[in-house]
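One chain comes next, on its own, written out as structure tokens in the form predicted alone.
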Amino acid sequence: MKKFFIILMVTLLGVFAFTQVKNPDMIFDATLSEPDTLDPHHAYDTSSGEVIFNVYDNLIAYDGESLSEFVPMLSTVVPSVENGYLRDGGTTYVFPIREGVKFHNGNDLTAEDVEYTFERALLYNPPGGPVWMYLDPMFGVFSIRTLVEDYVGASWDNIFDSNMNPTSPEYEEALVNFYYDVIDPAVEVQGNEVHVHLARPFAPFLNVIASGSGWGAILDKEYSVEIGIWDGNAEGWWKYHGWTKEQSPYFDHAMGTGPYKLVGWDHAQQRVTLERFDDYWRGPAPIRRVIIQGIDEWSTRRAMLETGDADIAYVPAQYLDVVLSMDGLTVIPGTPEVSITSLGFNWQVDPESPYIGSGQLDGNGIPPNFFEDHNVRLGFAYAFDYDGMINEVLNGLGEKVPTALPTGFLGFDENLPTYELDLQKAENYFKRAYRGRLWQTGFKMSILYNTGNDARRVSAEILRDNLAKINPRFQVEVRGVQWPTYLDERENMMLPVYIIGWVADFPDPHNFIFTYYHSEGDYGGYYGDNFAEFASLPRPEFGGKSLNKMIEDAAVEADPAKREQMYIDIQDFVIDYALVLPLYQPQGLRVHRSWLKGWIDNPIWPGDYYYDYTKVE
């Protein structure tokens, strides 16, 4: 189905608007939260990505608002068959590296920096990070651990002890050889060119490396080695694998070639400060300083917009009428978004979680595998008011979708069934759950949201209130926490459910279907081992294939018509089992001071690209 977006730009300049630009050499971005990490190979959220986007450069970049056209950046060409830089039937990408580019410390960019960056990403591969987007097309796996196990012929737990030391000299030798035989040949330097080899043709590969969210950023090899990132050697590479985010020296540190340098990150104030890099290869940015600050309270962000202390601000959709009535703002509602806001279920919560009460089905908690019961999930599915959320809370800036696949993507089918608010149907499912015990005992649990995100808070409150209407014994506490804490609790399997958004990494259905419904996907991986077992079972709906295998086969199917039908079949299945609740597909609401010029609406970008901005009276 073709989707037409009507974008209304309302520029409100009152008689008493500011006659002068406030802080003309600084941009203040009043956003919602601070970054989670600044390590480009660990960061997988837009708050982190926005900072990385401005501090580093990629090999290529999206051409303005386009999601299919690219421009050269640190590579001097965009590889294609026509220009001869896409070779071997679409499996070798050749990137000539731009000369004369400097990192913020004065070091020169080289082809070795690019090779090092790719290899460090592959070997580091932290759980829940973005590196699967390299591993999939380059090796046909989603984790470096799978690749190592296949090469060595033993399980990861047998190869390493608890301190990541090889358990035998034979394994250590095999791990060194793994680097030389598998990783090193995949990315090669030939003169001033970098050759990246794929296991199969993968059409979205240029989209993957063009994304500004972090994983395409190019590191300074010399500096990275100096501060304790991988030393570049085959011997001992495993000691640099899978760190927690705080273990990485790049956690709150950055050294890129981008238009802005990182000056500091004040965690207490949730404030990141950037300074213009005057030796930037494309010329210095017009604006000298950028401050990105997470401000939880809408009232504070509103006041800063009104006074001109904030040039850009995150505005929840429910306050659209408020900003439309304010002078001196450019307000753009209904911008297209390639994202989904969903509620995911954890089928195997950590028993020590503080959010599951007693940890028992006794009326004072929930068992860790509470959401393994599909009747519980379906009960939740019919307890949410999807239309009310979109129309009353989001001011119509959203759409109802059948699954976690946005409109306009291959496989999207408006004829698929959608969940509706139906408290009687929800009650029927709850009465079937746990053979009737759940209805009699009730449950108690917590739903978290990231503080300041009013839409997610209200989503949780809608569920809380409707569940209590169904059965007063169904008790839900809604609790706000800071964004990094929220992500940590999810990563540690503490959250029984989580409300979260997903912005496309690349415009292909695989990026959503794999992410949400494959047990190794970035979200599917947090549903627990019980879900992984479920997703690996042969299914009659798929002719004996598992859900995981069906998703993997759909990703590589060359016939568009067959591929589309495979995605429709997958969605039919996941709807029946209520694996994820797609709460809505949001539409954007852009608000900035009218003196700020140069904004580009690219829905895959993680945030603002400050290099393009000027402030004009």
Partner chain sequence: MTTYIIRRLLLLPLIMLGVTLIVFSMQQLLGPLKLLSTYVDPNTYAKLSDQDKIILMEQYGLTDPLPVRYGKWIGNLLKGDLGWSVVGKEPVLDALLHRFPYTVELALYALFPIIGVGIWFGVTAAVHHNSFIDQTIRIFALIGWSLPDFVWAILVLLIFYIGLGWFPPGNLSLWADEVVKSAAFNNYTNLLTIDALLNGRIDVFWDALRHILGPIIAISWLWWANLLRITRSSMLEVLRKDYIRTARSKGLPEKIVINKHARRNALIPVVTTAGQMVIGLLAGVVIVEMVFVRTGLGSFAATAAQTLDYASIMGVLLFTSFILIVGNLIIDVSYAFIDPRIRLG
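Numbering follows the first chain given and starts at 1. From a predicted model like this one, the values you see are computed outputs, not experimental measurements.
Same protein, other form: the form predicted together with the partner chain, not shown, and the subject of what follows.
Decide whether Lys469 counts as a contact residue for the partner chain in the predicted complex under a heavy atom distance cut-off of 4.5 Å. Outside the cut-off, so no.
Are any of the heavy atoms in Gly480 no more than 4.5 Å from a heavy atom of the partner chain in the predicted complex? Judged by the heavy-atom cut-off of 4.5 Å, Gly480 is well away from the partner chain in the predicted complex.
Are any of the heavy atoms in Glu399 no more than 4.5 Å from a heavy atom of the partner chain in the predicted complex? Glu399: no, not in contact with the partner chain in the predicted complex.
Answer yes if any heavy atom of Tyr526 is within 4.5 Å of a heavy atom of the partner chain in the predicted complex; otherwise answer no. So Tyr526 counts as contacting the partner chain.
Interface stretch in the predicted complex with the partner chain - options 401-409, 106-114, 86-94, 137-145, non-hydrogen atom within 4.5 Å: Answer to the contact question: 137-145.
Can all three of Asp45, Trp243 and Ile291 be found with a heavy atom no more than 4.5 Å from the partner chain in the predicted complex? Verified in the predicted complex; spot residues all in contact, yes.
Partner-contacting position among Glu119, Glu427, Glu491, Asp454 - heavy atom within 4.5 Å of the partner chain in the predicted complex: By the 4.5 Å criterion, the partner-contacting residue is Glu491.
Listed residue that, although the partner chain is not shown, lies within 4.5 Å of it in the predicted complex (heavy atoms), from Ile183, Val189, Leu361, Val503: Going through each option in turn, the one that passes is Val503.
Within 4.5 Å of the partner chain in the predicted complex, counting any non-hydrogen atom, which residues from 24-51 show up? Met26, Phe28, Glu34, Pro35, Asp36, Tyr44, Asp45 sit within 4.5 Å of the partner.
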